[in-house]
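A lone chain, given as structure tokens: the form predicted alone.
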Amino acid sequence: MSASPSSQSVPSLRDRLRADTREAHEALDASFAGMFADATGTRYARFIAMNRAAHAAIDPVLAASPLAGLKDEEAPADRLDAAHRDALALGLAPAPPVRFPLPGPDLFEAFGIAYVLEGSRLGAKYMLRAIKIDQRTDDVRWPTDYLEASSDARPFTRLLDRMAAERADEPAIRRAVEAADVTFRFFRSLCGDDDKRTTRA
């Protein structure tokens, strides 16, 4: 017996997050267009500063959320620590703390936040290739601890499995989408050209 039309047409939470946050996602990506063509490294420094500030604000929020127990037997690399190392290598000034606008998310809001944070891993390997001076070697133009730590896709896979295991009604999906939108906008607010977080020490 074939599946009913209604069961075939119901999008998953991941599908809704991907479709409903596309505009916010593309706006963030556009903020770093041409990053690897910038020989000065200024845009890459902004990228590292943005991620350092974002992880410092968001990681504790997710650690205290209903997703706190979503861990593998082997913990993934600490991306905040990696961003700190890259920032130090780039000579970036210490960053003042910033406050994430969703300090106490419920499960579905945490899904939306984590979707943005963990979904960013999907492009990390591509970015590592793009930053290499010569594709035949491991020589890179700038420090890459953050991108290397972000190349582990397992946390995103575990998140998708956790999301798929939860029954989501429309209000829950909307909360997840709104939280993801807030997170994309938060990242973008940290990546301005004149942001003091990218000032060289």
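One rule holds for the numbers: they count along the sequence shown, beginning at 1. Because the structure is a prediction, the values reported are computed rather than measured.
A second form of this protein, the form predicted in complex with protoporphyrin IX containing FE (HEM), is not displayed here; the remarks below concern that form.
> With the cut-off set at 4.5 Å between non-hydrogen atoms, does residue 161 touch protoporphyrin IX containing FE (HEM) in the predicted complex?
No.
> Would you check, heavy atoms only and a 4.5 Å threshold, whether residue 156 touches protoporphyrin IX containing FE (HEM) in the predicted complex?
Close contact exists here: in the predicted complex, residue 156 approaches protoporphyrin IX containing FE (HEM) to within 4.5 Å, heavy atoms only.
> Report yes if any heavy atom of residue 101 sits within 4.5 Å of a heavy atom of protoporphyrin IX containing FE (HEM) in the predicted complex; otherwise report no.
No, residue 101 stays farther than 4.5 Å from protoporphyrin IX containing FE (HEM) in the predicted complex.
> Although protoporphyrin IX containing FE (HEM) is absent from this view, report whether residue 111 comes within 4.5 Å of it in the predicted complex, heavy atoms only.
It does not: once protoporphyrin IX containing FE (HEM) is placed as it appears in the predicted complex, residue 111 has no heavy atom within 4.5 Å of it.
> Looking at 29, 169, 166, 139 here, can you tell me which has any non-hydrogen atom within 4.5 angstroms of protoporphyrin IX containing FE (HEM) in the predicted complex?
Of 29, 169, 166, 139, the residue with a heavy atom within 4.5 Å of protoporphyrin IX containing FE (HEM) in the predicted complex is 29.
> Taking protoporphyrin IX containing FE (HEM) in the predicted complex, would 116, 119 and 127 all count as contacting it (heavy atom within 4.5 Å)?
Yes, each of 116, 119 and 127 comes within 4.5 Å of protoporphyrin IX containing FE (HEM) in the predicted complex.
> Within 4.5 Å of protoporphyrin IX containing FE (HEM) in the predicted complex, which residues of 166 to 184 have a heavy atom? Give them in sequence order, or say none.
Result: 184 alone.
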